[in-house]
Ligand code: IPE
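Just the one chain here, laid out as structure tokens, in the form predicted on its own.
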Amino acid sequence: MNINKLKADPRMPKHIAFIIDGNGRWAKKRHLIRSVGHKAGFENLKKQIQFVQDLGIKNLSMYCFSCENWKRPQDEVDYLMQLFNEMLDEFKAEYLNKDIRVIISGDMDDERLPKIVREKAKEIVELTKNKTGFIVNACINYGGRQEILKVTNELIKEGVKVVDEATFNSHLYTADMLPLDFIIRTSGEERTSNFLMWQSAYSEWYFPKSLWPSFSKKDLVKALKIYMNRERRFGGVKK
């Protein structure tokens, strides 16, 4: 795996996203409880975040917990909240002395979220807001439709009469991020699941069969090579 050659390729995406799917099925296949799968998925996420940085990709978004995930069993939700608490602690410990910015996409005022998670999320966003290097965007308590409604209501309150794309983009959680090039959803499921609906209008999608805890660096390199061999025309024609 020649990382330097891959990094130097001008076709490399600048902003990729992971829809983290398959933790529960990974555990079930091994006759383990779902929380073990989520823990394994969290450990893999840490590795993938670092690898994405190593590849020189500028922005990473990751779908950690959707607005619809509140429908899951309470013990599973509670465990996921514990993992988010750990993740935010690690972000703070690792990123404050690096040129890494953390964005949290999602409703952090929702009182269903533990207070400690809400407070830590807002803190890390504030502490890293002026960093200009790598951006990691954790989508927690997030929904694409909900985000579009949030932006619409903000614009109404501001009295904006005519909305163009630039104005709309400026109110998104991802306002300071590059356009979303490539979305990888693991586990073989081929659904968008209310993820970054506005941002993904012209994104490329890839649906590997690997369950998230088993999704490796080699799998990511394979996905990136597939992306780089696609022709992106954005509604135009090839010259």
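A quick note: this is a predicted structure, and the numbers were derived from the prediction, not measured. Don't overthink the numbering: it's just position in the shown sequence, from 1.
Unshown form predicted in complex with the named molecule; subsequent notes refer to it.
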Touches the named molecule in the predicted complex: residue 34 (any heavy atom, 4.5 Å) | yes
Taking 4.5 angstroms as the cut-off for heavy atoms, does residue 80 touch the named molecule in the predicted complex?
-> yes
Can any non-hydrogen atom of residue 63 be found within 4.5 angstroms of the named molecule in the predicted complex?
-> yes
Within a 4.5 Å heavy atom cut-off, is residue 131 in contact with the named molecule in the predicted complex?
-> no
Just one of 45 to 53, 168 to 176, 66 to 74, 199 to 207 has residues with a heavy atom within 4.5 Å of the named molecule in the predicted complex, so point it out.
-> 66 to 74
Neighbours of the named molecule in the predicted complex among 82 to 110 [non-hydrogen atom within 4.5 angstroms] | none
